[in-house]
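Take a look at this one chain, the form predicted on its own, written out in structure tokens.
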């Protein structure tokens, strides 16, 4: 059976969900460009699926390079019908810490890098009248939690931007899906001690399955219900919840 997506770009592919997405898509027959700053993990992905994975060293905060990088990678792949933006950082923030450098880093990687990539991709897909964009958000963006103000705000911005793209590209043959994982067993959340975090392989498989939906989706139905309640909760109550 032919893969649903023949030519895929995964931005933020060196570890965690991004790396697993590359492996699963390549195993399903897609030709995948894996982009990240770290070269060695990309080489390992390419070695796991020779001829299927194209490793590309790229820093998402080099915003001005994105359009040229995107066009070059798409040409090397022989086309592009799916782009997944999975890059994200979440430095540890102490309960009484306010650190602009950390907040700036999160916005540069999580938000501005994503906007640079999605703008370039949206322009191409709009002109061709086809293509799927997947933006990896987070349940953390649903409310302003006390523990990670910068991360929460970055993921809220990601969700709003992806929704705007979805609305703007509606009716033009382009699918835009926002995925909101909860805790996943990645390096990003390992230090936070979450219990019952979703295995990375499960998260990636669900993201691939949900990519064609063109909606804002949660990876677990329970999160969809829980965060519907949380979004409606008055701020004076929410601020007393230790999350």
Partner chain sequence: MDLSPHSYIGPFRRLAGFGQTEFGDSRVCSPTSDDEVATILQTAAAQGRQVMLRGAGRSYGDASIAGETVAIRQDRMNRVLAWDPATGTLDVEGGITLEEIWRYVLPDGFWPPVVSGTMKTSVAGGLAMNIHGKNNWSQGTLGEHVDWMDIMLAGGEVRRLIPADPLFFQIISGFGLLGIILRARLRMKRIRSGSLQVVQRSVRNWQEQFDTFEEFQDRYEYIVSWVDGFHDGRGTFQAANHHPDDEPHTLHASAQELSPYLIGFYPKSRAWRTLRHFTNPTGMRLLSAAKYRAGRLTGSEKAAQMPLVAFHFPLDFVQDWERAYLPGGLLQFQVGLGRENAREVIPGLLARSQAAQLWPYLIVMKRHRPDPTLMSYLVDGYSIAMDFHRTDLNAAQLDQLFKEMTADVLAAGGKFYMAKDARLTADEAKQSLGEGPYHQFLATKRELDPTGLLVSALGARIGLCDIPSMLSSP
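Numbering follows the first chain given and starts at 1. Just so we're clear, the structure is a prediction, and the values are computed from it rather than from any experiment.
The form predicted together with its partner chain is left out here; the points below concern that form.
*Asks:* Only one of 54, 217, 66, 197 comes within 4.5 Å of its partner chain in the predicted bound form by heavy atoms, so just point that one out.
*Replies:* Spelling it out, the residue with a heavy atom inside the cut-off is 54.
*Asks:* In the predicted bound form, which of 58 to 66, 207 to 215, 176 to 184, 28 to 36 comes within 4.5 Å of its partner chain (heavy atoms)?
*Replies:* Going through the listed ranges, the match is 28 to 36.
*Asks:* Please run the contact check for residue 71 against its partner chain in the predicted bound form: heavy atoms, 4.5 angstroms, yes or no?
*Replies:* Looking in the predicted bound form, residue contacts with its partner chain include residue 71, since a heavy atom lies within 4.5 Å.
*Asks:* Given that the partner is absent here, does residue 145 sit within 4.5 Å of its partner chain in the predicted bound form, heavy atoms only?
*Replies:* Judged by the heavy-atom cut-off of 4.5 Å, residue 145 is well away from its partner chain in the predicted bound form.
*Asks:* Residue 80 versus its partner chain, in the predicted bound form: is there a non-hydrogen atom within 4.5 Å?
*Replies:* The answer is yes: residue 80 has a heavy atom within 4.5 Å of its partner chain.
*Asks:* Quick one: does residue 75 come within 4.5 Å of its partner chain in the predicted bound form, counting heavy atoms only?
*Replies:* Yes, contact at 4.5 Å.
*Asks:* What residues of 99 to 129, in sequence order, lie within 4.5 Å of its partner chain in the predicted bound form by heavy atom?
*Replies:* Residues within 4.5 Å: 124, 127, 128.
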